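Single chain ahead, written as structure tokens, the form predicted alone.
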Amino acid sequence: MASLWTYFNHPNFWWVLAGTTFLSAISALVGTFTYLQRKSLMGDAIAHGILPGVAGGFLIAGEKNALVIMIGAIVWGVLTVSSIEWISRKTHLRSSTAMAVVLSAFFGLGMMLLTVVQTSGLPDASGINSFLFGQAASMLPEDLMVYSVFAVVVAFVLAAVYPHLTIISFDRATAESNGFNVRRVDAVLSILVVAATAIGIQSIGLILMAALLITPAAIARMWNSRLIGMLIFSGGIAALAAGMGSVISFTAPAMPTGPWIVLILFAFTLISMVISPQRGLLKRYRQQKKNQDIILRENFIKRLYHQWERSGQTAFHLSDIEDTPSKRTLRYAVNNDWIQLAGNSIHLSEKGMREGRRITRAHRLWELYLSKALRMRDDHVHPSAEVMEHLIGDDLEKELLRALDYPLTDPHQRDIPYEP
């Protein structure tokens, strides 16, 4: 604990922590629009494609100069995007294929220049590897100042084009049909992605920078449906992961920052996949369980109604019912006054009769619709109607009745029961 406290009192610690969280949040905001426009691969291509600019900037400056390296990274990032668009436009290759070609070529060139840097004998040559996997602890205040200035510019530009990005992210076709200059906005977004990638090269690393652009947006989408909520959540979760990764980077200097941040984001992704209120597996399980319970209840009351149709009796014994219901289903039917239960004897109430009539009517209407409208054979309509009967609401039932001209019988000549 004493050693941890010593790291927290390190004069560079709070600079690195504040700077890394800020840079990561800005990158995640830009990445949210990339994610919404399904351009996730573009971020990966740019992250790998700017490596020649990083290595070249190092060789030009002769040292680890953040400003020169940033300029080199941005220049090569723009060149990466331009090359991908040119190849896609001038050839029959798909955009994803063009990305793979440019990414491979530029990253290969970058690795060659990286080897030149490492064998150059320059005093800071050993620190060049921090740009591959990220090492927040190695950043100096002056480095953070350079990255932060670029980040502020990115934030201002993003705010300026926010309305336009919103339009093309959610209704691109309408924007194009109305004469909106979509290509210009796409170009601005590409430059923003390049800059957002470049500002995180030392804290996150080139190889894993694409994860910081896309993963926070993917996590935010599981928790929010509105764009502003996604942006806030995406920026917050990226800042949190970056802060945690920076702490680890200081307390364990041998471990690069980038992989830790990505692993933390991956952990947040798994947690969100399970518990998110909109798309979580837990919510989906509960919804499936709820739907299953509804189907079991409705099938049970429908069977009782069919028993009444055949016998005219409203009192039954449990052994007379096909597919004996579970205690859970029986308890629900009793609590909702569908039935009265005494031992193994069941009495169908008036409310239960209405519910059974409704489900039976929905089933037979669907059978007739499938037979007439979709030309399905009469002996094939039952399984589909068994599923669809549980989906019908009052409005849809009215539409079916109108479309079928208020029929009296189903394809099997059974009466379609209406309310008396």
Partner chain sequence: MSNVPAIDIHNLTASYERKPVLWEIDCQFPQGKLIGIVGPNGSGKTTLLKNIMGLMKPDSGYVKIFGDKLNKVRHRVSYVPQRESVDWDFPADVMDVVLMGRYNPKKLFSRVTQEDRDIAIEALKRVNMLEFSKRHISQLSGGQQQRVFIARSLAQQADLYLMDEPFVGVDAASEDAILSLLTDMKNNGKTVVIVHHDLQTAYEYFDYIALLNTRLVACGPTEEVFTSELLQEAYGGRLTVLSRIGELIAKKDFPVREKGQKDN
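Positions refer to the first chain, counted from 1. In this text the structure is predicted, and so the values were computed from the model without any measurement.
Only in words, not in the display: the form predicted together with its partner chain, which the text now covers.
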Contact label in the predicted bound form: residue 400 to its partner chain, heavy atom within 4.5 Å: yes
Any non-hydrogen atom of residue 18 within 4.5 angstroms of its partner chain in the predicted bound form: no
Residue contact check: residue 373 to its partner chain in the predicted bound form, 4.5 Å heavy atom: yes
Partner proximity in the predicted bound form: residue 329 to its partner chain, non-hydrogen atom cutoff 4.5 Å: no
Residue among 292, 82, 324, 345 with a heavy atom within 4.5 Å of its partner chain in the predicted bound form: 292
Proximity to its partner chain in the predicted bound form, single hit among 359, 388, 61, 67 (heavy atom within 4.5 Å): 388
Its partner chain in the predicted bound form reached by all of 284, 287 and 392, non-hydrogen atom within 4.5 Å: yes
Residue stretch of 88 to 96, 336 to 344, 185 to 193, 231 to 239 approaching its partner chain in the predicted bound form, non-hydrogen atom distance within 4.5 Å: 88 to 96
